[in-house]
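Consider the single chain below, provided in C-alpha cells and representing the form predicted on its own.
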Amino acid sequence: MIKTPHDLQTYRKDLKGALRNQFLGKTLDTFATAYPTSRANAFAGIDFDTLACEIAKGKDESIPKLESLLEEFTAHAREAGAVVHFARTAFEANSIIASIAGENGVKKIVKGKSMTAEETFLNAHLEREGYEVTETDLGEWIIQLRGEGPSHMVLPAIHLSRKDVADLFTKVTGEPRDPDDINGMVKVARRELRRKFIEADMGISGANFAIASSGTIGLVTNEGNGRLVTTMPRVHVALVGVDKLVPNLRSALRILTALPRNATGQVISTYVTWITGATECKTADNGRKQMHIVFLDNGRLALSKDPLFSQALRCIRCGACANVCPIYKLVGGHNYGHVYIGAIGLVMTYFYHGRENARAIVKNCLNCQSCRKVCPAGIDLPGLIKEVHGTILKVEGKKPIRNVLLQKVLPNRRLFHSLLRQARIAQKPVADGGFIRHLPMLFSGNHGFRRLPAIARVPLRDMWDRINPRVDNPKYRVALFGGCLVDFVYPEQAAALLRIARKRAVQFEYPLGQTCCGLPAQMMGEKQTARAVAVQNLSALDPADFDYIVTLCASCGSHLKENYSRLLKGEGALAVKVAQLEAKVIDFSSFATRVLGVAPEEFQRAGQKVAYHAPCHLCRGMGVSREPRELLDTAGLQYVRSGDEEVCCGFGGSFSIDFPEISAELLRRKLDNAEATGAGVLVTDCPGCVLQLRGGMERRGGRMQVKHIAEVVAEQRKS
C-alpha cells in the first residue's frame, strides 16, 4: 500500500533521503534533459498552443455532459455485446470486478497498465478476495514484484536501475542475472509473463478513451501486453474513469495527436487499440468473450460541476507535468504525488485519496509554471494546487504562524511598511556589506545555503522624488510597480531603469499607495489576503492614468497580469480596472526594447561575457523570452547560453523556507551551470531571483556577479 507523509516534518525527511539517492537524481536529470528536445521534435509542424486550446475546448464541452455521454456509450456498447457497469466509489468498482471474477470462476487475472486501477487499489482488493493478479506492463510488473506504486504515470519504474531489476529477477527466478544483459532480462520477463497470459481467465485493462457514439474504448500502449490482456482471456474487464468519455472518434484522435508526443516524445505510440463490444474467443463457452466496462465516478461527477476544479478532468494522463517539474527531477514520483504523480497528482490526491494524503505534498510547488506551459489540455495546474492548499488550511483551521501574521500585516500597507522600516534599524548589528551576517533563528540550520540581503538604508519610495526628474511634455506617462524587493531591498534596480529612460520624454510615477503585489499570500494559500492586497493596489494605481505600468519583478508582473482577474472576477467596475491593468503591465526588457527603442549606438561595445537566468514568471508567466536576450545584445554584452537556463532557481518565496533542501539543490545546479559558461556576470529580470542567486553566489564565495538586467544595461550606457 502506498504511504504518503501526513505532516511536513516527516515529508521533508523523505525528501532528504531522495536527494541523497544519486542514481535517482542522475536518471531523472538525464530524462528531464532529453525530454524537451524529443518533445519538440515530435511536435514539429504542429502548433501546440492551438492544439492544446482545441483539446481544452473539447474537454470543456464534454465534462458537463458526462452523464448523458455515459448513457449514449452504454446504449451502443450493449448493442455490441458488452456489459456496462457504473461505480460511484473506488470500493464499489473493486467489488463489481471481484463479483465478475467470482461469477465466471476466475482464478488467475492479468492486468494491463491502468492508473484508474492504481487509484482504486484494485490489485490489493482482488488479492484479498483470493485471486492471483499479475501486472503485465514490464514496468508495472517490476514494481508489483517490489511491492511499490508507480513513480511516473507513463514510466512507472523510472526510479530503478538495471542492477535493481537484475537483483529482483534473480530473486524471482532463483538464477543470477547480469545487470548488463538487458536482452537476458527481457527474456526472463517474456517467459514469466507469457505463461501468465496463457493461464489467465480474466484480463483487466484501463482505457484512454471511451467513445460515446460507438461504445468503443481506446487503449494507447507501448507494449504488446495491452492487446494480449484484452484478447487472450475469456473475460475482459475495462476499468474506466467517467472523465475518459468523449463524444466521437474525432475527439479521441485530437487527444491522440498530443498524448504520445507529450508523454514520451513519440509521434505515435507503438500500439493504439480500439475495442467495440464482445469479440470471438475460442476459450469461452459460447465462443465469444465476456466484455465488461466498469465506469468509475469516485468524485469525478462532483468535480465536473465545479466551475474551477472541473478543468482537472481535462487531464489526458500524459505525465508531462512531472517530466518538466524541477522538483520531480530531484526527488522522483514516490515523493511527488500519492497515486497520481506530478502536478496533477498534487491536485487529484485531495479529491481521490483524501486531505491527509494531500496535506504535505500540496505545499511542494514552486509555482514555476512549467507544468501549465506543457499541459496539452491547458490546465492551470499551479493555480489549482494553490486552491487545494488554501482549502486544506481553511478546512483544518490550523494555519502556520507566518500565515496568521501575513493575514494581519499584508493588507495593512502602513503597518507592513512600518515593520520593514523597523527591521532596517533592527538589522544594523548583523548587517555586513549589503547582507545579513548572521541568520535569524527562523533561517538557521538548513537555510544557510545562501546569504540574505539587508534591507536598503533608504527605500525607493523615500528617494523617488530625488532621483526621478520631472519631464516637460512627456510622450508617455508610466507607472512603476515596485513590489516589496525593489522598494525596500533593491532600489538601485529602479534607479537603473530611470537612467536608461533618461532624455526619452517619459514621465515615471511611483504611486506611494502601492504595496506588495500579493503573490506571497497566494503562494501560502491565503486567497482572501491576496484579494485584499489586489484591491489596495488598484486603488493606489489607476491604470487609466498611465500609458504603461512597468515592473522590474517578473513575479509581480505575472501576478498582476494573470491572478488579479481571477481574484476580482465578478467585481463589476474593479474587474474592468483589472482588465485595463493587465493590458498595460509590461516587463522591463520589453519596455526597453519595444517602447523606449534602445539602440546599439547608445552603449559601449565592451563585449563583456554574461550568462542569463530566465525567471519562471517572465518566460512562462508573462510569455517573455526573446526580449531580454535581444536587450543584452543591443547593450553590447556577449550573451553566453547556460544549461537549464529556463529552469527555476529554487526561490519560490516561502517555498525556500518550507523546503530548503530542494531550494538549495536547485540553486546549486543553477550556479554550477552559470559558472561553467565562463561569464563574469549572471543576469536576470527578477529581484527574487537576484536574492536567491546573489545570496547563493556569496555563500559559495563565487567570483561571478549577479545583477538585474536593468543594472547591467544601465552600466553599459555611454556617458
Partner chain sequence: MEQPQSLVLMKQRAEAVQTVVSEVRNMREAFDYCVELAKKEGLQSIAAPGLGKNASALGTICKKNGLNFLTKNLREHIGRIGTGFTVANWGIAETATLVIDSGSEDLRIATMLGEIHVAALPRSRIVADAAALEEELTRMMKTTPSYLSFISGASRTADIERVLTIGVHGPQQLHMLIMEEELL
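Numbering follows the first chain given and starts at 1. All of these numbers come straight from a predicted model, not from anything done at the bench.
There is another form of this protein, the form predicted together with its partner chain, and it is not shown here; the text below is about that form.
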Tell me which of 155-163, 534-542, 310-318, 417-425 has residues with heavy atoms within 4.5 angstroms of its partner chain in the predicted complex?
-> 155-163
Counting non-hydrogen atoms within 4.5 angstroms of its partner chain in the predicted complex, say which of L301, V409, L498, C281 makes the cut.
-> C281
Since exactly one of K394, K107, K171, R190 fits, which has a heavy atom within 4.5 Å of its partner chain in the predicted complex?
-> R190
Is it true that A454, Q514 and V706 each have at least one non-hydrogen atom within 4.5 Å of its partner chain in the predicted complex?
-> no
Does its partner chain get within 4.5 angstroms of any non-hydrogen atom of N473 in the predicted complex?
-> no
Could you confirm whether G224 comes within 4.5 Å of its partner chain in the predicted complex, counting heavy atoms only?
-> yes
Mark R250 yes when one of its heavy atoms lies within 4.5 Å of a heavy atom of its partner chain in the predicted complex, and no otherwise.
-> yes
Heavy atom to heavy atom, is F48 within 4.5 Å of its partner chain in the predicted complex?
-> no
Within 272-288, the residues having any heavy atom within 4.5 Å of its partner chain in the predicted complex are V272, T273, W274, I275, T276, G277, A278, T279, E280, C281, K282, T283, R288
